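Shown next as structure tokens: one chain only, the form predicted on its own.
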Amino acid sequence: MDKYDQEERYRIRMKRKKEVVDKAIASADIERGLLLVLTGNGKGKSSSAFGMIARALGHGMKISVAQFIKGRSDTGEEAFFRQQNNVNWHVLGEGFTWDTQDLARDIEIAKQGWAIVKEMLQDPSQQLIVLDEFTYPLKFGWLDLATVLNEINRRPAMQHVIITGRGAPEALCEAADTVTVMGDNKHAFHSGVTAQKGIDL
């Protein structure tokens, strides 16, 4: 096959592909707020959500972040996004459960955090809400999943919600518009490498 034939076959293949893509784009004409779930054992769930915050800021959107479980306030993403005028950042946890070791306290903190989130979900000015590590209070039964889904379903029509964390309940995934499951093929931590600034913190 000479170079001309190869280039012509490529052009024809790409033309067909463009027709398929253009048709799919044209048929996607619904515009509404999305519920996205980022789950799985792999690294990058929160980082993906924070990437979408940056994207939303580029469009001038207003964003609220609610971090469950995590209690630290020295991460790079928080240090950066707290400086942005359109971001409200809430740390609603007191540390991972193996650190706190106080079930009653963990449940109470989760309920207090949920009260704040309910206000976010009722505020149409908040165009993107990130509920970081929110799968854990749901998975552990600290919050009633049906109640949470009901509040999410009642949110303003164009409000987007992103939920991160391992072990997302099946009902949450079924209710979501987009579910991404991140796999853990290899992680530096398992080789004894501590969390690194700019990568993990």
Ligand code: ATP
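Counting begins at 1, following the sequence as shown. As the structure is a prediction and not an experimental result, all values here were calculated from the model.
Heads up, the form predicted together with adenosine-5'-triphosphate (ATP) isn't pictured, but that's what we're talking about next.
Student: Identify which of Arg155, Lys43, Lys139, Lys62 has a heavy atom within 4.5 Å of adenosine-5'-triphosphate (ATP) in the predicted bound form; exactly one of them does.
Tutor: The residue from Arg155, Lys43, Lys139, Lys62 that makes the contact is Lys43.
Student: Applying a 4.5 Å heavy atom distance criterion, does Asp184 contact adenosine-5'-triphosphate (ATP) in the predicted bound form?
Tutor: Answer yes; at least one heavy atom of Asp184 falls within 4.5 Å of adenosine-5'-triphosphate (ATP) in the predicted bound form.
Student: Check Thr147 for me: does it contact adenosine-5'-triphosphate (ATP) in the predicted bound form (non-hydrogen atoms, 4.5 angstroms)?
Tutor: Thr147: no, not in contact with adenosine-5'-triphosphate (ATP) in the predicted bound form.
Student: Any chance Glu8 has a heavy atom within 4.5 Å of adenosine-5'-triphosphate (ATP) in the predicted bound form?
Tutor: No, Glu8 is distant from the partner.
Student: If we define contact as a non-hydrogen atom of the residue within 4.5 angstroms of the partner, is Lys15 a contact of adenosine-5'-triphosphate (ATP) in the predicted bound form?
Tutor: So Lys15 does not count as contacting adenosine-5'-triphosphate (ATP).
Student: Using heavy atoms only and a 4.5 Å cut-off, decide whether all three of Ile25, Arg32 and Arg55 touch adenosine-5'-triphosphate (ATP) in the predicted bound form.
Tutor: No, the candidate spot makes no contact with adenosine-5'-triphosphate (ATP).
Student: Report the stretch among 45 to 53, 172 to 180, 139 to 147, 155 to 163 that approaches adenosine-5'-triphosphate (ATP) in the predicted bound form to within 4.5 Å, counting heavy atoms only.
Tutor: Every other range fails; the passing one is 45 to 53.
Student: Enumerate the residues of 9 to 27 that have a non-hydrogen atom within 4.5 Å of adenosine-5'-triphosphate (ATP) in the predicted bound form, in sequence order, or give none.
Tutor: Read in sequence order, no residue approaches adenosine-5'-triphosphate (ATP) (within 4.5 Å, in the predicted bound form).
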